[in-house]
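Form predicted alone, single chain, as structure tokens, below.
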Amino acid sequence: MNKIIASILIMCISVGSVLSQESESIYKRPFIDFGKTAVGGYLEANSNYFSEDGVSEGFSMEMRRFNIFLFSKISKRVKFLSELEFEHGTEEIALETAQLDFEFSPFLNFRAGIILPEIGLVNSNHDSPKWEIIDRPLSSTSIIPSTLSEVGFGLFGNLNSGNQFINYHLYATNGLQDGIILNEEGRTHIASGKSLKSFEEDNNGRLMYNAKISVKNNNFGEIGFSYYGGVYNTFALEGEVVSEERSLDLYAIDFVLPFGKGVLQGEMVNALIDVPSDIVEIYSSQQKGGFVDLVYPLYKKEMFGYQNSVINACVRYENLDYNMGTFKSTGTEIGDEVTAVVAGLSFRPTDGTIFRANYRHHLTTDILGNAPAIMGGFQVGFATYF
């Protein structure tokens, strides 16, 4: 890890002049005017109708999220940002972000508090009004445990050299905990390693580390490489060793590329999980997944008095393999895979408001590799910043 940090810092110092830190996605929100203090947020609601193998629970509506932002420019080089999230009314309330940023020099900034690790495309860039498809990608929620918020600290910066831009993040956090295995899901489930206890203390005294570097060219798009990992399990109690140290390593590549008048974007992620050998067939030691979105404008013209309104078509392909192992007894591949396709239309009267209609189709194969269960359904909804 130290070699990774050193190499990234050397590369950052060798590049030319610098972008301001407000170019980060977490600061690209319409409420920020960079006065003393500002308040904003976003709202997301949608309807659902799904059936699986011909069985449906019918039509339902949900108020999925209501998020509030608070931003303060404490001084020229000190900024504070927080986000409070309400999911499904008040079913779940979470402090998603509470970070303090210090700018030491143009290309070197320090961040501490409750932060969003930079893993893949979505975790730190997850606001619903930014996305044409209602549900977040499966790889970004089932393998990368978005939205992942953690107590930690680290360095970040933005640099440029001519038409090339570089963005880097280096964080240390309390990290995920024991629930990655032996959980209610009955499989290796990285998101089950999230715990509110991690906001007050680490479960094993071993920090997890996150590093991401993104390279952007104004003509060719942006590509990012990220890593997140460390020891996740409780291996000692009151100083007595009770288990082996077990690690998690996530590697991701994400991209945003121009595609004619549209955008092609996505991510690929590979997870390596240290699992006890006696349960490795049920709780996998390797998972992989990814998605690709194509968003393309169909009609861009003044509509209903909105001068910059646009109708977009969108399609997403995604695939997950929850268990990449083989059965010892037969040598055959373990199943537990999902393939999904989503297609839809969206209407944006303004950049910060979107109305969306999606059709989602899933093929889910169980651990034994039986014929896949087929799920399909429609979603209609909206999301808006305020």
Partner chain sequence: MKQINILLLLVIMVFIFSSCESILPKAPDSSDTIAEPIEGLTPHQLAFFMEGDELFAKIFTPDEGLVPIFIQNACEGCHVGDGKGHPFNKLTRFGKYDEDGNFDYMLDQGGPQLQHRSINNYLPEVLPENATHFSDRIAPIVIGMGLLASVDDQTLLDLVELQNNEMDGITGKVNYVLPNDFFLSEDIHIDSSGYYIGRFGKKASKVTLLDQVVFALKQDIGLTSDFDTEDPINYVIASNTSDGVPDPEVGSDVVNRLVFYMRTLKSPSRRNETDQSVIDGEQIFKDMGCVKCHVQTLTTASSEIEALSNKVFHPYTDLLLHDMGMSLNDNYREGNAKGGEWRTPPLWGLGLADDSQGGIGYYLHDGRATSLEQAIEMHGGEAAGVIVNYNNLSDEEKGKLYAFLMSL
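Positions refer to the first chain, counted from 1. In this text the structure is predicted, and so the values were computed from the model without any measurement.
Keep in mind that the form predicted together with its partner chain is missing from the display, and what follows is about it.
Stretch-level contact check against its partner chain in the model of the complex with heavy atoms at 4.5 Å: of 38-46, 313-321, 66-74, 52-60, the positive one is 52-60.
In the model of the complex, residue 103 stays away from its partner chain, with no heavy atom inside 4.5 Å. Not displayed here, its partner chain is approached by residue 186 to within 4.5 Å at the level of heavy atoms in the model of the complex. Taking non-hydrogen atoms only, residue 259 never approaches its partner chain to within 4.5 angstroms in the model of the complex. The closest heavy atom approach of residue 294 to its partner chain in the model of the complex falls outside 4.5 Å.
Only one of the listed residues (243, 82, 217, 177) places a non-hydrogen atom within 4.5 angstroms of its partner chain in the model of the complex, and that residue is 243. Residue in contact with its partner chain in the model of the complex (any heavy atom within 4.5 Å), chosen from 281, 135, 202, 222: 281. Contacts between 314-345 and its partner chain, taken as any heavy atom within 4.5 Å in the model of the complex, involve 327, 329, 330, 332, 345.
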